[in-house]
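Below you will find one chain, with nothing else, as structure tokens; this is the form predicted alone, and questions on how it binds or moves follow later.
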């Protein structure tokens, strides 16, 4: 039987400070929990109103009532199952392929979508500035649609990281060279900036090449959403 203390702990993991304090995060919903159970993330605990949804899982599962699931959930309408997992320690990124770096991204949905895009395009590592939204934010996790299980996301001083790399660094700008004309290498780092302000001044100084997405319509749209821009640029990189 789940205790009030357990429910309080799980509910607290909706906040970043408690996720960091306990080294744990929560995922909800059948698809998300299944993805994480089949990944390298270590399971802390699983709670469900219907054990048949993960009948293949041989680890401990606690059966709870719909009311208990609602009390620990961060969703308006909890979906059958909730899993608590350990926050992963990210190893040093592999430098044999492209790496995506994000600079001060604020919107959890944007980061989640970008992680999902990296999964689609086979980008295994996302390096986030320390000022970027938490990848274990519940809204970010939901937006990844399970891709957090396959894409490694780490946080660091982005300026210091870029200073040390030997890879060419490409940054997304409004006034850069068209991605269609750029001669892209087989490996490098693509930097995407903040939704409102783009790439920070400190990081701009470390960019090897500025690239942009050509605009074909009337000059009325100021810019693209950062996740949409990431999709276009990754497609060109892989093309």
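In this text, all values refer to a predicted model and were calculated from it rather than measured experimentally. Positions refer to the first chain, counted from 1.
The form predicted in complex with a further copy of the same chain exists for this protein as well; it is not shown, and the discussion that follows is about that form.
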Inset, instruction - Heavy atoms, 4.5 Å, a further copy of the same chain in the predicted complex: which of 80 to 88, 133 to 141, 108 to 116, 163 to 171 makes the cut? Say which one. - result: 108 to 116
Legend entry - residue 235: touches a further copy of the same chain in the predicted complex, heavy atom cutoff 4.5 angstroms: yes
Inset, instruction - Decide whether residue 223 counts as a contact residue for a further copy of the same chain in the predicted complex under a heavy atom distance cut-off of 4.5 Å. - result: yes
Legend entry - Partner proximity in the predicted complex: residue 5 to a further copy of the same chain, non-hydrogen atom cutoff 4.5 Å: no
Inset, instruction - Tell me, yes or no, whether residue 20 is in contact with a further copy of the same chain in the predicted complex, where a contact means a heavy atom of each within 4.5 Å. - result: no
Inset, instruction - Scan 115 to 149 and write down, in order along the chain, each residue with a heavy atom lying within 4.5 Å of a further copy of the same chain in the predicted complex. - result: 116, 117, 119, 120, 121, 122, 147
